[in-house]
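Given as structure tokens, the chain that follows is alone and in the form predicted alone.
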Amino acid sequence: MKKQKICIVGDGLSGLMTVLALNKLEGLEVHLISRKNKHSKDRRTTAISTSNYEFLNKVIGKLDKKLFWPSKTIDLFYETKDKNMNFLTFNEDSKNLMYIFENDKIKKILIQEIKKKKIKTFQKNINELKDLDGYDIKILCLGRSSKIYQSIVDKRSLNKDYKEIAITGYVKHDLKNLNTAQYFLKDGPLAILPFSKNNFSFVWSVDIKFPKKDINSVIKSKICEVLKTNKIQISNQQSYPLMLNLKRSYYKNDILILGEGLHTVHPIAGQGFNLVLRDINKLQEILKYYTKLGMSLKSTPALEDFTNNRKSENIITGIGIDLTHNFFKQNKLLDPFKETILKNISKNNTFKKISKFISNQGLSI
């Protein structure tokens, strides 16, 4: 039987992972289409759950463990009048809760794997969907703002402009035993993500009106205050706007949207790329089912099955993250009760177990 042709458009982490995952399926010829213009380096880090790390390892094979920094403990803090209250700690003795990696390094590994497996790659700019004629399935991994999506999705997407920016960067330090942590500060949530013994990345989500004067010194001062140190060096600092976008339409005919174009969520819970990896995992599973039956993918409800399986979790997770973000934002009515609420949460072991399970496995059981 002639191989069915699938193209993945976009060479970000989502696109590269999709190429490698689907290339493992028999009966498919997978092509990668990337833009002609070279992109700037992605100097950020990403945290993934243990289950997604295992999926990544399964797709790539013989993954270099040195590229992933394991975390057995995650601390959550809330800024009160007097201190940063540690209201919840997730920990494991025998296994890891998550793994943190540098985006650029993993992207390099994925590209090497694509070349090693001799997957066909084309560099061209896709301006219209007709540019993709000739493929049985077209998968778009073009980020969150591609204009091409407008001809695929309806206008019922859930959209919200947070009017915030995420400031990110790398920090070199000499602290001992630094844990992964999330600080819910009055100015906005600050995530600390260690990716080596003496380096961590940070993501600080602040109001778009946050003072830009002496921003570097403000960031350094806040991190030093939070971690109780004055010996840090910050590099690779950048920022980007924050928004919520949850699409209700995932596909049209034989064209599927994947990655951030499908769901963009607030970084407060670190679930963005975790959702993407679960999407890719499920898409691989569904396409494998139909190709094993020897069916033409165009004549199957594969993309509909994928939508039905993944949309509920993606929307619920996105809304849940939004509600969490709203809870921790300053609120004159709610603020007096937050400390009491959070102290009670810390005593609830069932809540901790459920939270750990969802963070690792998602909502699909």
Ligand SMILES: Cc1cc2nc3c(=O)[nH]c(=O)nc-3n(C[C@H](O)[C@H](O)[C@H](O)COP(=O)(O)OP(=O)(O)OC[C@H]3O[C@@H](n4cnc5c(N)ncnc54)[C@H](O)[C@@H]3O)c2cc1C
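The shown structure was predicted, so the numbers you read here are calculated from the model rather than taken from an experiment. All residue numbers refer to positions in the sequence shown, first residue = 1.
One more form of this protein should be noted, the form predicted together with the ligand, which is absent from this view; the next part is about it.
Contact annotation: the ligand lies within 4.5 Å of heavy atoms from the stretch 43-51 in the predicted complex, the single such stretch among 43-51, 300-308, 65-73, 315-323. Checking L178, I126, I114, L246 against the ligand in the predicted complex, a heavy atom within 4.5 Å turns up for just one residue: I126. The ligand is not drawn, but in the predicted complex it has no heavy atom within 4.5 Å of A21. The ligand in the predicted complex is approached by F273, whose closest heavy atom lies within 4.5 angstroms of it. Contact check for E260: a heavy atom falls within 4.5 Å of the ligand in the predicted complex. Among heavy atoms of K186, none comes within 4.5 Å of the ligand in the predicted complex.
Three-residue candidate spot G12, L142 and V203; every residue lies within 4.5 angstroms of the ligand in the predicted complex by at least one non-hydrogen atom.
Counting a residue when any of its non-hydrogen atoms is within 4.5 Å of the ligand in the predicted complex, the hits in 164-179 run A166, T168.
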